[in-house]
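Take a look at this one chain, the form predicted alone, written out in structure tokens.
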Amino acid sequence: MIAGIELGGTKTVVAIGNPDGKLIEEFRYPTTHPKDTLTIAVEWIRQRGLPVSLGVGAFGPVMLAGRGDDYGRMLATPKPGWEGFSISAFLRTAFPDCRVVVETDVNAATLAESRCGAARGLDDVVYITIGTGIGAGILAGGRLVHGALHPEFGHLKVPRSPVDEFAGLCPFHGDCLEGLASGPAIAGRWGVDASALAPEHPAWEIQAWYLAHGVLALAAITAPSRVVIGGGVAQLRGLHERVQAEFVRLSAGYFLQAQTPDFIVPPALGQNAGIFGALLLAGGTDL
């Protein structure tokens, strides 16, 4: 048996499955204090057996370099109580004979969509998630991108929309992409959750503006063949087409991707991309 955990800023998903990423059973619940959140996952898994391998896709930032004591430790996250907590140490204590692999939640989703989703067969893929925060996983040349840390797409500074006066709410950078276009930013700007806004609401033109500028930066730096945009906020029908149209306008005929009608697409795996990716990591796909 293998197991996977997707640690999101709002919800956690725990699952058991097969090494090929096939999900057998899952359980979803709110993300709270780190020990409480992971204790629920551990007990749920134990009731189904002892896993030989466990993959984790976590919100960030999280230390992924090496495999030492720092590996899997949460860094300066705005999520209260999580900074400094070691995900890998907690899980290795709970399952001492289990292989534990930690990745970002967006990298896990990128992996899943490139192997069995909307970007199947492509080696240069970006997966963007828009929810409590904004993040991006990058697959370049068939390998997940890491550096001194990992890509922090949500904290990219983007040009302000000329019709937007919202100050932004990122506790670190104010009006970075996450501060302007995440779920909480939309609610802060308009006074209601994104799910309550009609498709014709002006919020979505502003949202497309910011996301397209982010995609433009990705096209310039990482040259992906496809960009998959997922997460709760991205479920609005027509949002991907709006972002694509704005990206084409911004590209001004320069970027080859602007000539590809399916460059920006929704995830084929829906809200399961992250947990499928965690299972793929547990099954031996460690990029």
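So that there is no doubt, residue numbering starts at 1 and follows the sequence shown. Note that the rigid core is defined as the largest set of C-alphas that superpose within 1.5 Å between two forms. Every value quoted in this text rests on a predicted model; they were computed, and no experiment measured them.
The following text describes the form predicted in complex with adenosine-5'-diphosphate, which does not appear among the structures shown.
Trainee: Sort through 72, 168, 154, 183 and report the residue having a heavy atom within 4.5 Å of adenosine-5'-diphosphate in the model of the complex.
Mentor: In short, 183.
Trainee: Please identify the residue among 250, 236, 52, 40 with any heavy atom within 4.5 Å of adenosine-5'-diphosphate in the model of the complex.
Mentor: Contact residue from the list: 236.
Trainee: Could you tell me which of 95-103, 213-221, 115-123, 128-136 sits within 4.5 Å of adenosine-5'-diphosphate in the model of the complex, going by non-hydrogen atoms?
Mentor: Of the options given, it is 128-136.
Trainee: Quick one: does residue 194 come within 4.5 Å of adenosine-5'-diphosphate in the model of the complex, counting heavy atoms only?
Mentor: Taking the distances in the model of the complex, the answer for residue 194 is yes, it comes within 4.5 Å of adenosine-5'-diphosphate.
Trainee: Check residue 61 for me: does it contact adenosine-5'-diphosphate in the model of the complex (non-hydrogen atoms, 4.5 angstroms)?
Mentor: Flag for residue 61 set to no.
Trainee: Does any heavy atom of residue 204 come within 4.5 Å of a heavy atom of adenosine-5'-diphosphate in the model of the complex?
Mentor: Residue 204 belongs to the contact set for adenosine-5'-diphosphate.
Trainee: Once the core is superposed between the shown form and the other one, does residue 150 show a C-alpha displacement of at least 2 Å?
Mentor: No; residue 150 is a residue whose C-alpha shifts by less than 2 Å between the shown form and the other one when the cores are overlaid.
Trainee: With both forms fitted on the core, check whether the Cα of residue 189 differs by 2 Å or more between the shown form and the other one.
Mentor: Residue 189 C-alpha, core-superposed: shift of less than 2 Å.
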